[in-house]
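Single chain ahead, written as structure tokens, the form predicted on its own.
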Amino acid sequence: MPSPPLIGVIGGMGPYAGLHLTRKIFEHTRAQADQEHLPVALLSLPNLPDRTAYLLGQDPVNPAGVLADVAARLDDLGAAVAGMACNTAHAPAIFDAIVDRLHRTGRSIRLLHLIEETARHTRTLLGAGARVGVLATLGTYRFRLYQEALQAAGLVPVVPDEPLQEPLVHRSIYDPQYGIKARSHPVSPMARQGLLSAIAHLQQHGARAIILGCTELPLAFPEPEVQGLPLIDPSDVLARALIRATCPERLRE
């Protein structure tokens, strides 16, 4: 029996987010022995330019070049499909440039789109017209990555008001003293509290579920729901999509 195709994970954005996605692949695989798990290759490189800084014009270097190189290395290993453990990297200015470079260099590896997969999953979960809260980095927020994907899926996005987005959400991710990127394991109480305040704000505006739209946010919320709202982890969604794309018969129900 032939071996299942290799799944690639582009990590390093940040390192724990890549580990989180890889672990989710294992958790969603039907396997009763080591040998029944799917082959996975995680490349977690520290030299990846910051995606938010590029989108906000604070760094002129498009991360797409380095990310395409990582995808090419996974292609060399034989990966048929890959996912990126970073929501912000799916902005068209980055994602489309990665795909274009892979195409121009003759690479066959296929990148799944984390945000589009999450929007489809959320529509299936909640139904058309549902109001969905989104927590994300400033780049993802300002470039309306989830807003547009959710609207295209027939859903109503609910995001924090601009005066709350930066202090409550973005700082909880990026602050050098207490943010999740600086303190991932464990996440600081201050970061979690800022995010809880943002969730309460979204709930007041009618959100029926919350998308943790930065792949490091689930590190702060391992529980399935908060304040009575289901939490949607895009890494969960992407892990299942990667399994479905390579070996659907191994996908857990």
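Take the two forms, superpose them, and find the largest set of C-alpha atoms that agree within 1.5 Å; that set is the rigid core. The first residue of the shown sequence is 1; numbering continues from there. All values reported here derive from a predicted model rather than from experimental measurement.
Missing here is the form predicted in complex with another copy of the chain; even so, the following discussion is about that form.
- Of the heavy atoms in residue 244, none are within 4.5 Å of another copy of the chain in the model of the complex.
- Although the partner is absent here, residue 237 sits far enough away that none of its heavy atoms falls within 4.5 Å of another copy of the chain in the model of the complex.
- Interface residue remark: residue 19 is counted as part of the site for another copy of the chain in the model of the complex, having a heavy atom within 4.5 Å.
- Using a 4.5 angstroms threshold between heavy atoms, residue 40 counts as touching another copy of the chain in the model of the complex.
- For a residue to qualify, one of its non-hydrogen atoms must sit within 4.5 Å of another copy of the chain in the model of the complex; all three of 13, 23 and 48 qualify.
- Only one segment in the set 165-173, 92-100, 145-153, 72-80 has any non-hydrogen atom within 4.5 angstroms of another copy of the chain in the model of the complex, and it is 72-80.
- Remark: with the core as the superposition reference, the CA shift of residue 174 between the shown form and the other one reaches 2 Å or more.
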